[in-house]
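Consider the single chain below, provided in structure tokens and representing the form predicted on its own.
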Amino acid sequence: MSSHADAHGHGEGGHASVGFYWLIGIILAVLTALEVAAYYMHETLGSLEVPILLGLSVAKFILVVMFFMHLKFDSKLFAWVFLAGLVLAVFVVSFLMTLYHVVPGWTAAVTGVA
């Protein structure tokens, strides 16, 4: 960790300034406004609406995880632990969604509802 990183709070264990967090908050508000606009423009956007909304959601998720969950400034170990949990969650959800759609009768066998 360099002394430059410590002086500005942008190193491992440091934090950004209050103004920087306000900037991130403003960016998140703009992204949210874009999401709301995309929702109301669904007829204009057509099939692009879902990819646009997913992209905006991913951008907001990354900003929140990096800065408000402090993974950007903490030990890289925490980022790897978080990433491992995220990958596991995506794998489990993808597996279950595939199972529900591919295996006929699996939903009825598990839930008891035909």
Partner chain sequence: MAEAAAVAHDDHHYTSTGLNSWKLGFWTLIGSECLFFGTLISTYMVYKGQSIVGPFSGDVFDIPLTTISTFVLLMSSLAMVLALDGVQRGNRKLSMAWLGVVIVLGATFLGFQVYEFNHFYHVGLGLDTNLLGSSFYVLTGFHGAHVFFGVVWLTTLFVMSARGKLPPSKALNVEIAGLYWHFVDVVWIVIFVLVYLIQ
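Positions refer to the first chain, counted from 1. Since the model is a prediction, treat every value here as computed from it, not as a measurement. We call the rigid core the largest set of C-alpha positions that still match within 1.5 Å between the two forms.
What comes next is about the form predicted together with the partner chain, which is not displayed.
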item: Residue contact check: G85 to the partner chain in the predicted bound form, 4.5 Å heavy atom; value: yes
item: Interface membership of V92, the partner chain in the predicted bound form, 4.5 Å heavy atom rule; value: yes
item: Contact flag, S75 vs the partner chain in the predicted bound form, heavy atom cut 4.5 Å; value: yes
item: Any non-hydrogen atom of V102 within 4.5 angstroms of the partner chain in the predicted bound form; value: no
item: Members of 34 to 64 lying within 4.5 angstroms of the partner chain, judged by heavy atom, in the predicted bound form; value: E35, V36, Y39, Y40, E49, V50, L53, L54, S57, K60, F61, V64
item: Did F95 shift 2 Å or more between the shown form and the other one, C-alpha, core superposed; value: yes
